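Next up, structure tokens for two forms of one chain, structure 1 and then structure 2.
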Structure 1
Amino acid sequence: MTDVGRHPLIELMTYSEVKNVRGYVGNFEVTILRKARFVDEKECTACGDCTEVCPVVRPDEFEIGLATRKAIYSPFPQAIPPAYVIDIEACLGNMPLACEKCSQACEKKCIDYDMQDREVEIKVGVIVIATGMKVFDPRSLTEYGYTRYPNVITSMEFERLINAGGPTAGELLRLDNHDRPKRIAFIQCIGSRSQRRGMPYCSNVCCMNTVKDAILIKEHWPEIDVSVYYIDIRAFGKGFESLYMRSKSYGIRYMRGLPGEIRMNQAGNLELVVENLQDGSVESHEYDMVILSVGLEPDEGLEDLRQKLSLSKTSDGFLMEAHPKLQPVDAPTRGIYFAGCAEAPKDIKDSVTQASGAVARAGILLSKGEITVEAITSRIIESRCRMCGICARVCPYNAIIFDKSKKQYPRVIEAACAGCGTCGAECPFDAIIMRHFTDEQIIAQIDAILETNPMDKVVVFACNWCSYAGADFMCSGRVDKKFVLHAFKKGAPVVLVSGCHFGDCHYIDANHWTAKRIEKLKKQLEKLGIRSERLQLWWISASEGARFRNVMQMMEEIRSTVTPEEVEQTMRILEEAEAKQVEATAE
């Protein structure tokens, strides 16, 4: 951190917040809110005279509430810049002045109660997102008594307790009577791997963090009895399995099974009731301290930042990479990269590895001076455009610029366009074509599919990323209603449109427009007297092979109910409707 603060080419904007991001790769304009510190960071020497006289006491966030701080304080040891900051909401010297003790104690006169927030704009070529994560709050799991029993603490609180710079100077003490605990229990998967209360995913770091903490306890205080209650011990990683086996050699006891309840007995100790899954028995054990190994969640501000940067996210709430294997640090939006737990829960080693990859990717792009894009971007045909603005509204990447007041045709920023095709599918005037994936090419594929034995086939428009990799990088957002109608007009008995689940779309929210489009098309088919059941929309991820099989079996069942007479009637109805539309357009 100190090296970063001293580097001549790095500008560190602490106590700041990203308010807005405009532009595209190589030309980002970022608006940053520099929050008022109410202390001149260039003049402050962090002498500490101000904190000694401040009468306001608040819980210390850095110490996870196990210690206190003053209204004027340093956020954490060795903070950069090495200057204090005032918690203005807690300060007594703000509107009207009622205290001013810190200002009077400061010899260098660094404190300014009139300091205001200010916005600055910077221009950058690339952006790296490293927003970190937050830990699960176990208060919702009332059976464990967190905050109700003082000696039930989280793994983060335990880390501060045994830290030499922590509230107890590294001494492991009970929080009720400050005695050294004799028996300690760790409970794993608090808030992780739970469909109902918490997150359904594994948080990756909890098992080995517990193994490390348990070993630290035994190395410093061998007399303490340590037990670990777990579902599975996941020790994947270099040296992790040997560390796990080493912990067992210290006499650390591992029990498969999570406690169902924690109670406090008359002696003030904690009793755990647990089913031992190894032999099926229900056991009760007494401990002086219980440590809840809490899982990891996306940072609170990540969703707001995601929307500002037009990024995709997974169903877990973390950011989605462009490709899990080939582009693991790239965002779907060009020029944006991920590092650390913004993309998924990970330990320090993996975070450093990903950060190195993100820096390398950013350096490659910046060193070029210009970039090349795949030939799958959108192009607007101005002779057909009616300047309705629908394309700019539906584009998930904000890659189409349109200002109706200027009476100019929409303009596609090809560097920002990802080629999802949503704009082309939504344009009511066919004024947008997709390079390489034109309407004519897709319709030709439909014709080829239905050229022979159409009654025996199911036409499927499948997303390349999730449902099927044979669609040549097509998003479900690219499926124009005319493709579906053309398939029915060519004799298709049933048509399936399949894409990513909501929240998992690799093109941010393009599948939301797919759902709206298919719903309108179903109503149109019913109005024409065509069974809407013959058009199906299903969300299937790449990992849901069984679901894909079940959907295809269902499609086959629907296909078997469609008669040749029904198909012929559908073809006739659509041809008549198309003829009427051509006639109306000519008029």
Structure 2
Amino acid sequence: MTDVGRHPLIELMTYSEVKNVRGYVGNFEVTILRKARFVDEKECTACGDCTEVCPVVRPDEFEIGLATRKAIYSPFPQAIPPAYVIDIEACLGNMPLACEKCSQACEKKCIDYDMQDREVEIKVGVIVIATGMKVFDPRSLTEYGYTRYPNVITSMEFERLINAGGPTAGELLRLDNHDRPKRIAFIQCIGSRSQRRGMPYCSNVCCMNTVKDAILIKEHWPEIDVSVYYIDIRAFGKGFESLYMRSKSYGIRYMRGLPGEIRMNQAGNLELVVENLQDGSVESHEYDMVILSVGLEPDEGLEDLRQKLSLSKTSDGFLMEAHPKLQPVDAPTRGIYFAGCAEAPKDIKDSVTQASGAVARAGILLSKGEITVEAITSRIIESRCRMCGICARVCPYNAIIFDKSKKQYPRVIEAACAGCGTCGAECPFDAIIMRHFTDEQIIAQIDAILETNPMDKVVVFACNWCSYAGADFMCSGRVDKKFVLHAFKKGAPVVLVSGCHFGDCHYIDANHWTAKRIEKLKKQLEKLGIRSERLQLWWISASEGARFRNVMQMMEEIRSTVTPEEVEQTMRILEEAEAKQVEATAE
């Protein structure tokens, strides 16, 4: 921490938030809101004279309310920067009857009640998101009585109670009578791995955190009886299993199964009602203190930041990576990277590893000083554009700038465009050219394949990533309905469109547009009297070779049901429909 404060290349902006982000990879312009701390950060020596005289007492956030602080305070003894801060909501200094005690006490005159929030503009090439997480609030699990029973605490509160710098100077105390507890129980998976309440996922760190906490108790006070109630103990990391075994050697008892309820008896002790998984009987065990091992959730500010940066999230609320295995620290948007729990719950080692990984990835851009954009981006043909704005709406990367009120043609930011082609497929006026994957090129390929023996063939539109690993275009989002209709018009018995599964799309969510488009097209086919079964949409991942085979066998089955007469009829229907459309346009 102190290294950060000292490093000449690090500009530390605490008590600050990202207000706005503009620009694109290599060229982000960011507005930072620097909130007033009402104490001169550079001048303050953290002597503490101000705090001593401050009359206002508030719960201390760092100690999770287990201690108090003043209205002017230092967040914790090792804080960086070491400067104090005024909680202006609580401070009496700016009241009509000004208190100003701290200001009088401050020899260096660092306190300024009139300090204002200010905005700072910065320019950066890359962004690393390391916004972390928050812990689950167990009040909603009413059966455990957190906040109702004083001796039911969370694992975070335990951290403060056992810390030598904490509110009890490291003495573990019952919160009701300040006696040292003799029997302590941990309950695991609080808010994690639950389909009903809290989060469905495993929070990754709580098992090992409890193992660690249990060992700390035993090392300090071997006479305390410690039990852990759990679903599974997940000790998967390096050195984890041996720590778990060490904890068992201390006599810590691991009891499989989570208690159904905690009751407080007249002595203020806690009775855990739990099913004995061996004989099915319901037992009750008495403890002096229960520690709820709380899971991790996305930080409250993450959603706001995610929207500012147009990023996606996974179903658990954490940020979605460009690829879950191969690009785990890259955002789908170029130039943005993840570190730590913003991406998923993880422990310190994994957070540090990911942070170094993110910097190394970002370094690829920074070290070159310029980036090359593959020439597969989209281009707007202004003479055809009617300014409907669909392209800007469907772009997963916000790479198309369009403001209807300004009456200017949409503009593609090449550096931000990834070339998925969704805009090209959705544009109703053919006003978008995908460089290197033009309509003309793709239609020529359809023509070529269907020129001879079309009846024997299934035409497949497969994306470059999961489905085909090297095909006709980058994303299923590029599959214009025109291509599909063209294939049927040229005699294709069956057309298959195939891409990555939802959530795996290499272009954020471009395949959602594919799904919508194909669904609409199927309805259109039915209306025209063409069997919609002949158009198929399947998601196939790169690792699903067997699935690809099954899908292709299914295509072959469908193909065998299509007669030459049916194909001829389709060709006729589509040609007539086209002729009608040409007439309508001419009129």
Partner chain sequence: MILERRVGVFICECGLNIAAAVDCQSVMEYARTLPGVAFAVVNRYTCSEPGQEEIKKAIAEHKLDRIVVASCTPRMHEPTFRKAIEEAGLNRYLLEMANIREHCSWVHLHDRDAATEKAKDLVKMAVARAIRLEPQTETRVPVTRAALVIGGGIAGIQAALDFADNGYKVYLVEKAPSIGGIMAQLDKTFPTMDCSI
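Whichever C-alpha set is largest while still superposing within 1.5 Å between the two forms counts as the rigid core. What you see is a predicted model, and the numbers here were worked out from it, not measured in a lab. Residue positions are counted from 1 along structure 1's sequence.
- Of the two forms shown, the form predicted on its own is structure 1.
- Once the larger rigid part is held fixed by C-alpha superposition between structure 1 and structure 2, the smaller part shows a rotation of 20 degrees.
- For Glu526, the Cα deviation between structure 1 and structure 2 after core superposition amounts to 8.6 Å.
- At His436, the distance the Cα travels between structure 1 and structure 2 is 4.6 Å after the core is superposed.
- Relative displacement of the Ile376 Cα between structure 1 and structure 2 on rigid core alignment is 3.9 Å.
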